[in-house]
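Presented as structure tokens, the chain that follows is alone, the form predicted on its own.
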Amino acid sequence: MEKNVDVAIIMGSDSDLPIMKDAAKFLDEMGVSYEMTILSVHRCPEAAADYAKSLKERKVKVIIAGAGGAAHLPGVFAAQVPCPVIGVPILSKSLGGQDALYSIVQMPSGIPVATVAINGAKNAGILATTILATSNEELYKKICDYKASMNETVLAKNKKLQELGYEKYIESMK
């Protein structure tokens, strides 16, 4: 992890990987450089602090941090690294991810963490790319193209609905 990357994707457990992969996939589609790391601020605090220092030294531009339960990971990194941090609350069995959501959105003044939906890692990737696009013309065009593609997809679905009616449309979805 010595190379310079634009985005660091961090998760507290490998059980978060099936969710956090969606951020990586979107960054791959956009050609954004990133690294992915598993670090628990509770179970290996020194390693997490060392990693935070390395991110600061390497001037990583955006952090995407996924965490469940108490969800301290995004805030701990936001406190140590001077770049935008996007928190991804991970769904939990006990409280359905609401514990993580509330933990991430309720950061104290001075330590902001942008927060996406529970399990919303793809949106975190989109937001990270959008942040980077403010100073990167190529990424700006890619994000604009991505949004235009979503627009075309929705309009095509509406056209199909208008032509078929809802019953035939639903049947065509099967």
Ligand code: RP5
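Quick note: we count residues from 1 along the sequence shown, nothing fancier. None of the values given here were measured: they were computed from a predicted structure.
Below: the form predicted together with the named molecule, not depicted.
Think of it this way: in the model of the complex, the named molecule has a heavy atom of just one of K147, K141, K59, R43 within 4.5 Å, and the residue is R43.
Judged by heavy atoms within 4.5 Å of the named molecule in the model of the complex, the contact stretch among the candidates 65-73, 126-134, 110-118, 28-36 is 65-73.
At the 4.5 Å threshold, heavy atoms of S15 reach the named molecule in the model of the complex.
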